[in-house]
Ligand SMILES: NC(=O)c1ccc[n+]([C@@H]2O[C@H](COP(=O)([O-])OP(=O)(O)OC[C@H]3O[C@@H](n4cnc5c(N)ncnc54)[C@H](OP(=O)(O)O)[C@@H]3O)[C@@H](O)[C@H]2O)c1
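Next up: a single chain in structure tokens, the form predicted on its own.
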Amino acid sequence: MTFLLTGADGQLGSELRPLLQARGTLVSCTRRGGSKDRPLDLADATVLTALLDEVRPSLIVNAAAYTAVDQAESEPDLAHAVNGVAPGLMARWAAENDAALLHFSTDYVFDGRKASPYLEDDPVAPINAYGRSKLEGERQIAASACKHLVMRTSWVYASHGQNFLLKMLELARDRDHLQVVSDQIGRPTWAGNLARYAVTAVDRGLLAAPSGIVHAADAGACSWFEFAGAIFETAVSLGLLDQAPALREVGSDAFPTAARRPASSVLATGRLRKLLAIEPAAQRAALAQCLSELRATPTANMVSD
């Protein structure tokens, strides 16, 4: 099987790369390219089409996205091109060439007003430009009728890249006290687990026919405030931090942002359990794995005293 992986240097793509390499021929793509990667700008439809025609993958794994949530408010057209138009193009190519598409979407397609976890079939109503662009990608994929699986996920973090976990560790180096938002609720998801959920779907043939949407997130809903507390407690136990900063919970109005966030975007993962026959990883266990990985790399020096 030939895989085409976009966003191969991102949080998720970096985790997917070795897993896909072990399962077939991998053509990996990044925005700038490199010695092992093909250059690919998803905003350039002509380049994307040419690459698909050249590689002719059996499975397209789209781990690339425009993820600058606040910046998307001032760049909606670019977010739409990358998150909406490009996945639609991939899906139509897949439909025309008997290929399949594995695509990743977001909890931000929901407005955050539901009191209970969101099911895959719940009404969507994004409240920011990023969410609208990701929803457009979902809709274009569905309209193509290609063989596909869309995995919606949430609050992704890793031991590299830019994410909440690394930001908290960075701030903890310089501050004894931190204020963290407590009125936004979601399910933090380690990129390593998300990659595992994805390849399990591939291994079990879930992309052999149109499959729709599945929510893929680690277990354990919490606020950003609670997640920060778990990060610091685990980091101290692993020796990444000498001491945890004191935390104070605040409302999201304490940190005004260009884009609104859903108040509660907890994803229900019952369909994931049914399709993959595995339980989503526990939040604390996933966090410990990620931080242990960070401790074992040179970048750990950036967050330890």
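All figures in this text were calculated on a predicted structure; none of them were measured in a lab. Note that residue numbering follows the sequence shown and begins at 1.
Not pictured, yet referred to below: the form predicted together with this ligand.
Remark: of stretches 137-145, 167-175, 103-111, 228-236, the one touching this ligand in the predicted complex is 103-111 (heavy atom within 4.5 Å). Checking V266, L52, L241, L42 against this ligand in the predicted complex, a heavy atom within 4.5 Å turns up for just one residue: L42.
Checking N128, N193, S154, S159 for any heavy atom within 4.5 Å of this ligand in the predicted complex turns up a single hit: S154. Using a 4.5 angstroms limit between non-hydrogen atoms, K36 is distant from this ligand in the predicted complex. Proximity of R248 to this ligand in the predicted complex: non-hydrogen atoms within 4.5 Å are absent; the residue sits far from the partner. Contact between Q11 and this ligand in the predicted complex is found at the 4.5 Å heavy atom cutoff. Within 4.5 Å of some heavy atom of this ligand in the predicted complex lies at least one heavy atom of T67.
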